[in-house]
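One chain comes next, on its own, written as structure tokens: the form predicted on its own.
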Amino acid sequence: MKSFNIAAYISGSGSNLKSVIESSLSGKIASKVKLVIANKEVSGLDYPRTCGIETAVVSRKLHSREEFIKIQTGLLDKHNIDLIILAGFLKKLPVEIVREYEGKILNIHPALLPKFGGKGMHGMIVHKAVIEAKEEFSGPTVHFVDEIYDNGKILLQKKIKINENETPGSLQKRVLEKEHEILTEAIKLLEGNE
């Protein structure tokens, strides 16, 4: 069984990341989160900090493209990162990082891809679109990241039936519960597949 040094990218509260860190601390997965990168100062950085995990805010607005990539690759190298998870990260990773870590970057998406994916499809926008399309099922997808939004090979999906009176808010809560499970399951799957 393989154990990965994980870097997580976040843009918000980091609840998916927290579930992965907790799974690691409890021994549910062998891998360890070594680094958390956010594109701005967000509440999701608080929990990893309390666990002694290095955090960094790397904003494209503050750096030239070259510096922006150099800072990230420097941090990834420093921690010998061999798996990157995008846990509610709303930006596109630089293509240089996507190519360097090909097959080693996972993203979690709050819908059953390939439906309801692509640029601009995130958060409540996705849940609203799913309900408006009168879908019977929704649920999260964990997939490998390539150079196109929400396009890479699907690793895992969890289906939930959409209720008759479902709202985007209620669907978001239900899908998020499954997201917390599926991201850990995907890492566990990779640990066993190496």
Ligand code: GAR
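Treat the numbers as computed from the prediction; the structure is a model and nothing was measured. When you see a residue number, it is the position in the sequence shown, counting from 1.
Below: the form predicted together with this ligand, not depicted.
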**Request:** Considering only heavy atoms, tell me if Leu75 and this ligand come within 4.5 Å of each other in the model of the complex.
**Result:** no
**Contact label in the model of the complex: Ile108 to this ligand, heavy atom within 4.5 Å** = yes
**Message:** Can you work out whether Leu90 and this ligand are in contact in the model of the complex, taking contact to mean some heavy atom pair no more than 4.5 Å apart?
**Reply:** yes
**Item:** Contact label in the model of the complex: Ser170 to this ligand, heavy atom within 4.5 Å
**Value:** no
**Complete:** Within 122-149, the residues having any heavy atom within 4.5 Å of this ligand in the model of the complex are His122, Gly123
